[in-house]
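Only one chain is given next, in C-alpha cells, and it is the form predicted on its own.
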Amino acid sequence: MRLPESQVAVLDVLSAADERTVATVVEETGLKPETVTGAAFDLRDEELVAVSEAERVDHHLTAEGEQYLTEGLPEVRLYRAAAGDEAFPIGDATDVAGLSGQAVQIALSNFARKGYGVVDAGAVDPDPDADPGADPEAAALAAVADGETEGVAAKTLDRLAERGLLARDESTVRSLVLTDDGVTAVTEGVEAAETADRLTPEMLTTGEWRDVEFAAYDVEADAPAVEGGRVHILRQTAERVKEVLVGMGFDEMQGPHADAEFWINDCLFMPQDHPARTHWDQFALDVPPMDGLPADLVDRVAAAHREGIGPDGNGYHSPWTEDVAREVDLRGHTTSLSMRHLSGHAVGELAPPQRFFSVEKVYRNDTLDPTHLLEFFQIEGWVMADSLSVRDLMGTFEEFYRQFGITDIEFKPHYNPYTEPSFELFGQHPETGDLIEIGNSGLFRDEVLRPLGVECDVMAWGLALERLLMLTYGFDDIRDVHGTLCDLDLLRETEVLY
C-alpha cells in the first residue's frame, strides 16, 4: 500500500492498543499539528485509523487571581484582621487587612456570603467558629496554580470564574488508534509515496508534473472555519433602537462621556451628599475642575437645592458648593445630555413640543453579575410638551418595546430625586420567566425643570440596552455578549431581529 509520507509517519507511531492524542503524535513525528490532523482524517476515511474527540477545559489564574493567591482572598484577610473583636469598625478592619478601593466591597460581600460573620451598622462582627483556613476558594486558587483541579468541586471553580479570578480555555482533544484494517496495513507494509498536494508553475515549466503523483482532493473533508469580522450584536441593536426612535419622531443627542457633576447630578436635583454621588457609584476623574459653567444657571440650581422651587418648595437644606459641582466624573447616566439640551446650552433654546434621545455608554462602579457591568449602554429619552401624563409615558414605552416583539411590560412605582411620579419598567425573560428590571422613568420635577428655564412638562426615561438584548434574544448573562468572557459562537450566529 502506498500512502502520502505524512500518513505513513502517523501510522508508524500508532497502535491498536493505546490511544495517542494529536499532540503526542506531533511530538513523536515532528510534523505540524495541522498536518497530523489532516493525515488522521484522511486515514479515518480509509478506515485505517479511528479518531475520537473529547472536550477539554484548562484553567488558569487571572492577574487578580494570582494576586489573591499571594496576598490571600480579601474576605479571609478581613476575617483575620477582625478576629477576636466584636463590632470592629469596618474602616479599622480594612486598614488592618490592608484593603482599599474595590477590594473593600469584595471583602464585605464575600465575608457575609461565606458565613464568616455579620456586617452591620458600619462594623464587622466575625464568627469565632468560622475557619478561613479551610476556605474552599482559597484552596481552589492553589490547585489551579498547581494545575491540579481534578478534585476541586465544579461549583467552586464556577464561583472563581464569576469573580474573575480564573479563566477557562476550552479545546477539542483528538485521540487516534489503529483499526483492524490499519493493523493489517502496517503489518503487510506501507510505502511512502512521493505525492504533491498542488500544481506549481515550476512543475509546468520543467514538465515534472507528468511524473508526480498528486494527492487526492477530498471535497468533503473538514476545513478550518474562516470567520470574517462583523458588527457586534450590541452595536447592531443600538442602531436598531436609533431607527425605531427616529421613526417615532425623536432627534438624537450627543455629548461628553466625562462631564461636570453639575450636569450629571446637580441639575437633576440630586443632593451633593447623596450616596449615589460617592465613589461607590460614580468614577471620579483626577483632572482639573470644569470651567465655564453658566453662572446664572448655577445660581438657579443652587437655589433649588437650598430653598426649593415655588411657595411650597423646601429644598434639601444640605451643603451645596460650586466646587463640588465643577468636579469631573465619568457620567453615570446620559441624563447629563438631557440637562444640557433642556437648558438650551447644547443646541439653543427649545420650544415645545420636542423629542430627543441618545444611545450612549455610561459608567458605574457596580458589582459584576449577570445583569450588571461597569459600563453599559443607556437608552435615554425625553419628551417636552404641555399637559403630559403617566399614560403618555407608558404608551410611549409600549409602542417602543412593541417594535422588538415585547408586549408584556410591567410598571412599578418608584422613587427618584428628580422625577415625580416615577416608575420602573420590568420585562419577563423569555427563557427563565424571571422579571428583569429594564429601565427607570418619570416626569421631571419642577426643581429640575424651572432652573433650566422649562415651563412645560417633560417626561423622561433611562433604559438599559443590554437588558433589551436579554429580553429579545434570551441571554441570561450579559457577560455572554459583552466583555472578555463573551461567547464568540453565539455572537457570530445571532441575527438582529427586525
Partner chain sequence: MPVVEVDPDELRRLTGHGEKSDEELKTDLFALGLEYEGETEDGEMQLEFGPDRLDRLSVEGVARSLRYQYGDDRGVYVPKTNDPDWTIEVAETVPPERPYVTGAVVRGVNLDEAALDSLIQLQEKLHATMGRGRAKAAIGIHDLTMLKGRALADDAPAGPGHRITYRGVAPDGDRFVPLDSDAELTPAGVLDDHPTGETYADLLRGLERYPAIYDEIGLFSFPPVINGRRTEVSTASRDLLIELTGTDQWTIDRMCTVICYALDARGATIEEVDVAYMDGAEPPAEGAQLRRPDLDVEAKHVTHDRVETILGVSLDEAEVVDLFERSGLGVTVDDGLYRAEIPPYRVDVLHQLDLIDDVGRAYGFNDLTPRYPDVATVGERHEGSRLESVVRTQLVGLGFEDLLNFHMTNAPNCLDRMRVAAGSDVLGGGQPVEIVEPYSEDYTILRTWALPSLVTVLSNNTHRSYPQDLAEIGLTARRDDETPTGVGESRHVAAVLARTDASYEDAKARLTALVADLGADLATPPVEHPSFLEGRVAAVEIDGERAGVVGELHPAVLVDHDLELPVAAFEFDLDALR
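Positions refer to the first chain, counted from 1. Just so it is clear, the structure is predicted and the values come from calculations on it, not from any experiment.
Only in words, not in the display: the form predicted in complex with its partner chain, which the text now covers.
Item to check | Residues Arg235, Met394 and Glu420 all lining its partner chain in the predicted complex, heavy atom within 4.5 Å | outcome: Checking in the predicted complex: Arg235, Met394 and Glu420 are all within 4.5 Å of its partner chain.
Next on the checklist: Can you pick out, from Gly249, Gly84, Gly122, Gly151, the residue that has a heavy atom within 4.5 Å of its partner chain in the predicted complex?
Outcome noted: After the contact test, the surviving option is Gly249.
Next on the checklist: Which residue, Leu178, Ile309, Leu157, Val186, is the contact with its partner chain in the predicted complex, using a 4.5 Å heavy atom cutoff?
Outcome noted: None of the other options qualify; the answer is Ile309.
Next on the checklist: For the interface check, one of 70-78, 382-390, 136-144, 91-99 should have non-hydrogen atoms within 4.5 Å of its partner chain in the predicted complex; which one?
Outcome noted: Contact-bearing stretch, as computed: 382-390.
Item to check | Close approach of Leu443 to its partner chain in the predicted complex, 4.5 Å, heavy atom | outcome: Looking in the predicted complex, residue contacts with its partner chain include Leu443, since a heavy atom lies within 4.5 Å.
Checklist entry - Is there a heavy atom of Gln354 no more than 4.5 Å from a heavy atom of its partner chain in the predicted complex? => result Gln354 belongs to the contact set for its partner chain.
Checklist entry - Is there a heavy atom of Met1 no more than 4.5 Å from a heavy atom of its partner chain in the predicted complex? => result Answer no; every heavy atom of Met1 is more than 4.5 Å from its partner chain in the predicted complex.
Next on the checklist: Taking its partner chain as it sits in the predicted complex, is Ser109 near enough to touch it, meaning that at least one heavy atom pair lies within 4.5 angstroms?
Outcome noted: Ser109 lies outside the contact set for its partner chain.
Item to check | Residues in 304-338 close to its partner chain in the predicted complex, defined by a heavy atom within 4.5 Å, in order | outcome: Counting only heavy atoms within 4.5 Å of its partner chain in the predicted complex, the contacting residues of 304-338 are Ile309, Asp312, Gly313, Asn314, Gly315, Tyr316, His317, Ser318, Val328, Leu330.
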